[in-house]
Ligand code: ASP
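Only one chain is shown below, in structure tokens, and it's the form predicted alone.
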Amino acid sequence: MNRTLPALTTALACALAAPGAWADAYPEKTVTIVVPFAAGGPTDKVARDFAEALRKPLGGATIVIENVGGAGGTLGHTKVAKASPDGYTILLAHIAMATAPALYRNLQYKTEEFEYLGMINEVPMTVIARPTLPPNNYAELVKWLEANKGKINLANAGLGAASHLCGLLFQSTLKIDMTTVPYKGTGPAMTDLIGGQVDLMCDQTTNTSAQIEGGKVKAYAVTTPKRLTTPTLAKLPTLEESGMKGFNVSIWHGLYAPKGTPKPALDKLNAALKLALVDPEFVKRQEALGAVVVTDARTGPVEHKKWVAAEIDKWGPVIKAAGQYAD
């Protein structure tokens, strides 16, 4: 029996009871979580499940999701960065928090304009291919890629998408250039991959698990250092064990508030975040998506901010070397 969980829950509940009249009243109106992508996508799904888990530790507060898509998520980021710092407008964002500074020449915000509340989850990626691609395992895939340089089409869901970033790192690590084919979303990219119009894609398990399980695509590897445990993906080797040493890509999500948000609100939100992450229903839903709920120190502001800084250092050179920018 895990004896630490009840103690953790009690400690976090106490943290929610922050001192002061303002803190006692917060939140006294609707809290809006801005999702910088369209409804129905993987980040939107995470946000809606997380909002449900967040309501109880915030005293049953009303929490609504506002989808502000466009410009690779930067419109939603900008909206929150410029919002009133009162604790009622917060951002749930993914790895774009770290990659947008390198991808976009004219960002309307800076990463310093946010208060970092904590990290929520990590979503592994999978290397998949059209069902008619000849290789049947990763070793064969590498040989095929070497033999077909200049002829390989690599799909992604658009500039800055998870599939775009993973594809860039995959190419640079293998030192094999591929023709990048951007789409307006994962849906059309996956449709063309299944139909054989493109060869490869590297995308998150939230988008690929069903297609792999249904045999609609070929799957070669996962991008995390350890194998996954879900029935559909457990047999897939990692790129690390397949010889691509140091390859570790996951699409993570975190929670942010505008710079200057009062500390009592930040403390309450962080304590509520930590309680939401041990909510059994939330954990169950994330596992079903192939996502891993974060339970380490990155759920706190200091360590999450360090993580984002390290991700900026990791992705900046890869993006700059590829020369793929947006205004």
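Residue numbers here begin at 1 and follow the sequence given. Since the model is a prediction, treat every value here as computed from it, not as a measurement.
The following text describes the form predicted in complex with this ligand, which does not appear among the structures shown.
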(request) Name the single residue among 224, 171, 211, 186 that comes within 4.5 Å of this ligand in the model of the complex, judging by heavy atoms. (result) 186
(request) Answer yes if any heavy atom of residue 37 is within 4.5 Å of a heavy atom of this ligand in the model of the complex; otherwise answer no. (result) yes
(message) Taking this ligand as it sits in the model of the complex, is residue 41 in contact with it (heavy atom to heavy atom, 4.5 Å or less)?
(response) yes
(message) Against this ligand in the model of the complex, would residue 162 count as a contact residue? Criterion: heavy atoms within 4.5 Å.
(response) yes
(request) Indicate whether this ligand has at least one heavy atom within 4.5 Å of a heavy atom of residue 141 in the model of the complex. (result) no
(request) Report the stretch among 236-244, 132-140, 145-153, 199-207 that approaches this ligand in the model of the complex to within 4.5 Å, counting heavy atoms only. (result) 199-207
(request) Could you list the residues in 123-157 that come within 4.5 Å of this ligand in the model of the complex, counting only heavy atoms and keeping sequence order? (result) 157
